[in-house]
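For reference, the chain that follows is the form predicted on its own, supplied as structure tokens.
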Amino acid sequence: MDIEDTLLMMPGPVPVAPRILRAMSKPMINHRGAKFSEIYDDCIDILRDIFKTNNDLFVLSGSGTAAMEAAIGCTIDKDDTVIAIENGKFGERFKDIAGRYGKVAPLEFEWGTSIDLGLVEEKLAEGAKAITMVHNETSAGIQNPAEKVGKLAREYGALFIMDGVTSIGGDTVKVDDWGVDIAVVGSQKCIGAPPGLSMLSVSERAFDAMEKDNLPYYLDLKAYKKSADKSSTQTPYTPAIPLFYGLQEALHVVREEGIDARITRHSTGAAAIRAASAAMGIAMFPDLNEDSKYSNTVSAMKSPEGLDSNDLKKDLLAAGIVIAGGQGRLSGKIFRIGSMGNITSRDILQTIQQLELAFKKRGLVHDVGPGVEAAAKILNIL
């Protein structure tokens, strides 16, 4: 099947609108000139509303992992303790990055299970310079209580470093109100741009914590601030200009839709997928408590008994739809469907229909249609 006929329904990268692809084909410009400065400032202006912050904002030519490493590498020294909350693959990644720079106090929960805020507070009471957490743990389809963790971090004087890679731009995130000192997002997720850029907000408290001799070179956030504060905004090193073209156009799409409307569309799409799953007898994967929620940008479901989710991925791919399986220890056990970026109701219904057909072919459901009907009702199509 031609790649242009394939529908990406995975938790990033997401389909990129033609107008964004066209924007990326514009001629190169001087990245030290006024035109690039205008593009950068325009992006920051829109991102400020998406992040809900008055903190400094920067765009890095590097993926979300680069921004995660910048956050840790600029604030954490070898004798500093970092509490790393883990209940999925990306919490594990934050833990691993922190271990490269400082001392890690891991707070590990089974992937897909809710975190225990009581244990979080106990760890913070022992003392730490920072605490890391993934707001929306894509690998498990669970949303963690960022606001409550941010409040605890402030009470105990720790920096709160948050991975918002798959929530910012698609779910409610209030960086300033939640006390997030550094929040990061990737371009290829809810914002709907191509991969390769990351954005992060940095508080004054975080900058005050960057008193260390061995700051990263390429990911030095103090260098980004120095360049951004010039009369003509720059990046300290050569930016990926075509990706900035794409990001600016993607952010214009977000602004035209309205961030509140965009959040509603994401949450409605996820609710439709959950309704379809229930109608098909498929169990959701996350184990929730009163402090956690299902993700509003990716839905993780348990693979039916006897079915390897990697085989299900192949079934959907044969129909021209790309979904995701489980990562690491969850490989073969769960499958995940994204509802982020510029995914439409039609995309969701098409995916549910093909999922039902795949299950029917394997004798796992008796009827084709209940899932689509349940999703259509949530999407207000029926």
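We number the residues from 1 along the sequence you see. Note that the structure is predicted; figures quoted are calculated from it, not measured.
Quick note: we don't show the form predicted together with a small molecule, though the next part is all about it.
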{"item": "Full three-residue contact with the small molecule in the model of the complex, heavy atom 4.5 Å, for S63, T166 and K189", "value": "yes"}
{"item": "Which of 240 to 248, 133 to 141, 204 to 212, 274 to 282 lines the interface with the small molecule in the model of the complex (heavy atom within 4.5 Å)", "value": "133 to 141"}
{"item": "Interface membership of M68, the small molecule in the model of the complex, 4.5 Å heavy atom rule", "value": "yes"}
{"item": "Contact flag, F160 vs the small molecule in the model of the complex, heavy atom cut 4.5 Å", "value": "no"}
{"item": "The small molecule contact in the model of the complex: W111, any heavy atom under 4.5 Å", "value": "no"}
{"item": "Exercise: R93 in contact with the small molecule in the model of the complex, heavy atom 4.5 Å", "value": "yes"}
